[in-house]
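The data below hold one chain only, encoded as structure tokens and taken in the form predicted alone.
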Amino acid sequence: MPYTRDNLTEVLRRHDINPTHQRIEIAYALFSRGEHLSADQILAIVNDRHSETSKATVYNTLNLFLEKKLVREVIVDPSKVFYDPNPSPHHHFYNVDTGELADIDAAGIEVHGLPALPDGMVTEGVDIIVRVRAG
């Protein structure tokens, strides 16, 4: 289903997020493209259309989207954080030459040998990032 500003308004409401104009624009920038984007890329996309959105608003909105499990955060290194509009379990290829992320289906990956968990803890998930470059 293609994302529109109207149906994203409903998506935000279903996740208990008040659909303000700026939140809708941020969601649209991220979901309509279906790409892994950084906060700065999202800010540039949103401000290309409406130049009233601040960097703080983008970061606060993305943190809210994370809290409500609407998006996933993919940290490829401390200086490269991407926001993924696909919250379902999956992994990533990270191209170190181009800086692009691509999804890997989780069904094709098995992880063995995880350490024993501390008492009272359960596994929430395992994220795998396979770094690739031109050979």
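A residue's number is simply how far along the shown sequence it sits, counting from 1. These numbers come from a predicted model, not from an experiment. Rigid core (definition): largest C-alpha set, two forms, superposition within 1.5 Å.
As for the form predicted in complex with a further copy of the same chain, it is not shown, yet the points below apply to it.
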(request) Examine residue 95 and determine whether its closest non-hydrogen atom to a further copy of the same chain in the predicted bound form is within 4.5 angstroms. (result) yes
(request) Decide whether residue 18 counts as a contact residue for a further copy of the same chain in the predicted bound form under a heavy atom distance cut-off of 4.5 Å. (result) no
(request) May I ask you to check whether residue 77 falls inside a 4.5 Å heavy atom distance of a further copy of the same chain in the predicted bound form? (result) yes
(message) Is it the case that residue 44, even though its partner is missing from this view, gets within 4.5 Å of a further copy of the same chain in the predicted bound form, heavy atoms only?
(response) no
(request) Superpose on the rigid core, then tell me if the C-alpha of residue 125 is displaced by 2 angstroms or more between the shown form and the other one. (result) no
